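The form predicted on its own is given below as one chain in structure tokens.
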């Protein structure tokens, strides 16, 4: 479970996140939607423990900067950050050993094959294309089988096969009872499997919608998204 309570983040005089609260339960897929500059990546980095912030963030019931929370978290950043002089396989070994995961080799090999990265297992990070680096970033985040996974614009740079497999991974993580949060500005990439959606504008939530029978007959998520992002209408 992921809980964000009254989180604010400033960069000098700029208020990037303004009193943001959200909850994504076990076995749910939450999405952060909004145009570039809405504050989505800042919130994701706060959740991942990369930024200082005001408020509270709990991962699996523990403060997000605690060791227990970090063990439960998988994070795929917007821009892949791979090590130039480690091979693809050495990246997975580094993560597996850091988490003291005895089954990392089996999980790592399966992920490489699934994302068609196995032929590059002996290539250095600096030799990979941006798309391959993104695939490696996904593998590194999932190899220790985290309970909470956050994706920041995960489909940028991926080929069609990798996008298909990533979407399948989303639903598999949900079926396993994991908590998934996806930040994106591409609504069509998540429209088939979201449980709760937050539309973000100017560092705050302009609307929140749950994908349940109670919302049937309401304005579609796509229409709501465009009415807010293009018309500036708060909900």
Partner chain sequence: MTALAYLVTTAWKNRVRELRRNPGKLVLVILFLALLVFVLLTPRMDPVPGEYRDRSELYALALALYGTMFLLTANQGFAAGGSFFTMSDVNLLFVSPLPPKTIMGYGLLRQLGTSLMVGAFLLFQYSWLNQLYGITPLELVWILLGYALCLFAGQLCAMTLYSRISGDDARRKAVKRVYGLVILALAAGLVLPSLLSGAPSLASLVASANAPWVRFIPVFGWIQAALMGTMEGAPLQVLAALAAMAAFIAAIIPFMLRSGDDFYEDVLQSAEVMTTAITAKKEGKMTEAVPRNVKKGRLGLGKGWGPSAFYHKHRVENRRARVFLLDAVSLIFIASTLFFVLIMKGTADTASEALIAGFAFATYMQMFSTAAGRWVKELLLPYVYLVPSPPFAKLLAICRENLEKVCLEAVLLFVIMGLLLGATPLQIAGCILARISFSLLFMAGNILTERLVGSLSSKVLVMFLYMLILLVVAAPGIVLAIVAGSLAGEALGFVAAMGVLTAWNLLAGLLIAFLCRNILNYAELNNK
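Residue numbers count along the first chain shown, from 1. In this text the structure is predicted, and so the values were computed from the model without any measurement.
As for the form predicted in complex with the partner chain, it is not shown, yet the points below apply to it.
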Just to confirm, residue 87 within 4.5 Å of the partner chain in the predicted complex by heavy atoms? yes
Within 4.5 Å, heavy atoms only: does residue 71 come near the partner chain in the predicted complex? yes
Can you work out whether residue 50 and the partner chain are in contact in the predicted complex, taking contact to mean some heavy atom pair no more than 4.5 Å apart? yes
Verify the contact flag for residue 93: yes if a non-hydrogen atom of it lies within 4.5 Å of a non-hydrogen atom of the partner chain in the predicted complex, no if not. yes
If you check in the predicted complex, do 167, 188 and 202 all have a non-hydrogen atom within 4.5 Å of the partner chain? no
Suppose contact means any heavy atom within 4.5 Å; which members of 14-45 contact the partner chain in the predicted complex? 45
